[in-house]
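Okay, so here's just one chain, in structure tokens, the form predicted on its own.
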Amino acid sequence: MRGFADYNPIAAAVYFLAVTGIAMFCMDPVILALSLAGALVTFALLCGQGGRAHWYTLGLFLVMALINPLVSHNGVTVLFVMNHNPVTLEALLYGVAAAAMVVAVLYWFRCFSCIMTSDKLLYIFGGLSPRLALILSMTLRYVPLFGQQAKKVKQAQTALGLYKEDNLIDSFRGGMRVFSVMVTWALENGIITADSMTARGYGLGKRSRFRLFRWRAGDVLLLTGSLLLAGLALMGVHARAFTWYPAIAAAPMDALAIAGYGAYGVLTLLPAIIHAKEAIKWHCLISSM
């Protein structure tokens, strides 16, 4: 069973670039709703995380949606007046749309981080800039190591009795001690890594590339489909201009706009479609045994 995470990293990166780029630079409410729904479905399939992560994003959504009508008073439809400042319907709906855009993009980036591991990023950037790919992969590797080491240091200091007093000053001092230890650990680990790379002959000659990933027919289809669907979605968005201020207005819905919305909807659900196809295929193989 070949899921979305098993596709070629270049095809997957182009997909995330297409679906996220349209959501980031488009304030059409239909596009934003499709992006948010597709991001939630993809996040549930690829990452399988929930609970507290969803509560954080829900809080961010509510805060952003409520802040905009309080700081922006544009619009012609006044709902009420607070502190001699009008709160308009247009500003409220624009805040909801902006919050949906930010939350959707955050979910897409979470899906990207779940799919794009350090070896995949090294594969993508290795041909363009080997040094940049090496720095990026090492950074992604050291971030979780830094967190794990900081947790070990804090546990060791707690066992030594350095957190006896439960107050803000003691916690601040303990945090500074952990930070000082972690800075020393990071510098020492960086020197060891540099010496190890020098001992292995890094940078002495032309480097060869080991390609762990290969192109298949499904990868080409994913890449081509992502580009075609994104292009059709952009054409549909351009055909139906949507404005928020001073009054909400949009061009009439035509066939091109409907096709653009449908294309972007399919684009956001491509991982779910791939997952469903592979699940049906796996079920058929088991049934035939």
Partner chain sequence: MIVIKNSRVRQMLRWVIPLLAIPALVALGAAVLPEKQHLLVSLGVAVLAVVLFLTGFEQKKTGARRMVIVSVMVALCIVGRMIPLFKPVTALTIIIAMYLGGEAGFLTGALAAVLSNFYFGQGPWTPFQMLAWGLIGLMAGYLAPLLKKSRALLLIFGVLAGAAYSMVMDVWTVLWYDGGFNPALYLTAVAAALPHTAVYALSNFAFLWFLARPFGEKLERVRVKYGV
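Quick caveat: nothing in here was measured; it's all calculated off a predicted structure. Positions refer to the first chain, counted from 1. Just so we're on the same page, rigid core means the largest C-alpha set that superposes within 1.5 Å between forms.
From this point on, the text means the form predicted in complex with the partner chain, which you will not see here.
Q: Answer for Gly95 alone: is it within 4.5 Å of the partner chain in the model of the complex, judged on heavy atom distances?
A: Although the partner chain is absent here, Gly95 would touch it in the model of the complex, with heavy atoms inside 4.5 Å.
Q: Is Phe179 close enough to the partner chain in the model of the complex to count, meaning some heavy atom within 4.5 Å?
A: Although the partner chain is absent here, Phe179 would touch it in the model of the complex, with heavy atoms inside 4.5 Å.
Q: Give a yes/no on whether Ala44 approaches the partner chain to within 4.5 Å in the model of the complex, heavy atoms considered.
A: Output for Ala44 is no: heavy atoms all beyond 4.5 Å of the partner chain.
Q: Taking 4.5 angstroms as the cut-off for heavy atoms, does Met235 touch the partner chain in the model of the complex?
A: No.
Q: Taking Leu227, Ala272 and Trp282 together, does each of them reach the partner chain in the model of the complex with some heavy atom inside 4.5 Å?
A: No, because Leu227, Ala272 and Trp282 lack any heavy atom that approaches the partner chain to within 4.5 Å in the model of the complex.
Q: Would you give me the residues of 133 to 159 that have any heavy atom within 4.5 Å of the partner chain in the model of the complex, in order from first to last?
A: The stretch 133 to 159, when checked against the partner chain in the model of the complex, contributes Leu134, Ile135, Leu136, Met138, Thr139, Leu140, Tyr142, Val143, Phe146, Gly147 at the 4.5 Å heavy-atom cut-off.
Q: Superposing on the rigid core, does the Cα of Leu145 end up 2 Å or more away between this form and the one not shown?
A: It does shift by 2 Å or more.
Q: After fitting the rigid core, is the C-alpha of Val87 off by 2 Å or more between this form and the one not shown?
A: Val87 C-alpha, core-superposed: shift of less than 2 Å.
Q: Val71: after superposing the rigid core, is there a C-alpha shift of 2 Å or more between this form and the one not shown?
A: Shift at Val71: below 2 Å after core fit.
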